[in-house]
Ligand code: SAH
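Take a look at this single chain in structure tokens; it is the form predicted on its own.
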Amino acid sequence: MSNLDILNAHNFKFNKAYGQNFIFDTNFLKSIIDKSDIDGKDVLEIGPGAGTLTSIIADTANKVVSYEIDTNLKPILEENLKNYNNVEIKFGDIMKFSIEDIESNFDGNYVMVANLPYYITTPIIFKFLENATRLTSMIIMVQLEVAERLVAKAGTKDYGAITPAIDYRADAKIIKKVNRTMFTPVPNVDSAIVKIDFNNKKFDIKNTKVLDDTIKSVFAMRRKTIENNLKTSFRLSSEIVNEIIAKANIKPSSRGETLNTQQLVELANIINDYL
């Protein structure tokens, strides 16, 4: 019996509120895992759905701990994963668990595999980017337009605050695009798999909080110049802000989306000296 048949046997109804779209093509899912470098590792999975991907992960991973918000999937997951003794399913909203609780499932480092609905993509990424202490990489399936924002270059239409916020902490790349027809039910958009490998040695950063605040500031109001955004966010005088911008070799009329990660780091390091 296929996983889809098991869903039907349990009269499972897809929940739009949870953004549920499942993939049942095991060959396709195996191709994702082959590129994910999880052999022998501990894996945090978010959104196991019917457990199709979970079982494939469990075949190669040391241990899998999956968080699922929809308790209606409990009997389905129990049936599909009954032969795996290295999988543990926890029911609840991942955003309501602390990082400490989540990381207590693992003895050492771990990787994340997640199929993220649009409404929760950014909150989950930032939850782990900003707080995780032993997460080494994230392999996440997201809407294609979101994936393009995560890996965008400065000066492009897809470049936004989340791009340098990821870039200064990690290396992000799209490893596979996913046509919408792969999903059940079929969504309105295509998706992509993004691999984010943590790398905290890319830049010389004086204060990560100031850098985060700087990124948020320059992207806060995209129509305003960097000069105006910095004055508003850091409550600094025009004179000081102009001095900071001059030291950073940035034009006062520039806008946030024109600055790459290195320029934002340099700007934040200078701002830090004035605070």
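For every residue, the number given is its place in the sequence shown, counted from 1. Quantities reported herein were computed from a predicted structural model and do not represent experimental measurements.
Below: the form predicted together with this ligand, not depicted.
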Report yes if all three of Gly40, Val87 and Gly108 come within 4.5 Å of this ligand in the model of the complex by some heavy atom, otherwise no. no
So which of Ala165, Leu73, Ile196, Met112 reaches within 4.5 angstroms of this ligand in the model of the complex, heavy atom to heavy atom? Leu73
Pick from Ile226, Ala58, Ile215, Ile46: which residue has any heavy atom within 4.5 angstroms of this ligand in the model of the complex? Ile46
Since only the chain is shown here, I'm wondering whether Phe126 would be in contact with this ligand in the model of the complex (any heavy atom pair within 4.5 Å). no
Please tell me whether any heavy atom belonging to Ile120 falls inside 4.5 Å of a heavy atom of this ligand, as the geometry stands in the model of the complex. yes
Glu130, heavy atom within 4.5 angstroms of this ligand in the model of the complex: no
Taking heavy atoms only, is Tyr67 within 4.5 angstroms of this ligand in the model of the complex? yes
In contact with this ligand in the model of the complex (heavy atoms, 4.5 Å), from 226 to 234, 22 to 30, 245 to 253, 204 to 212, is stretch 22 to 30
Restricting to 71 to 101, the residues within 4.5 Å of this ligand in the model of the complex through any heavy atom are Leu73, Gly92, Asp93, Ile94
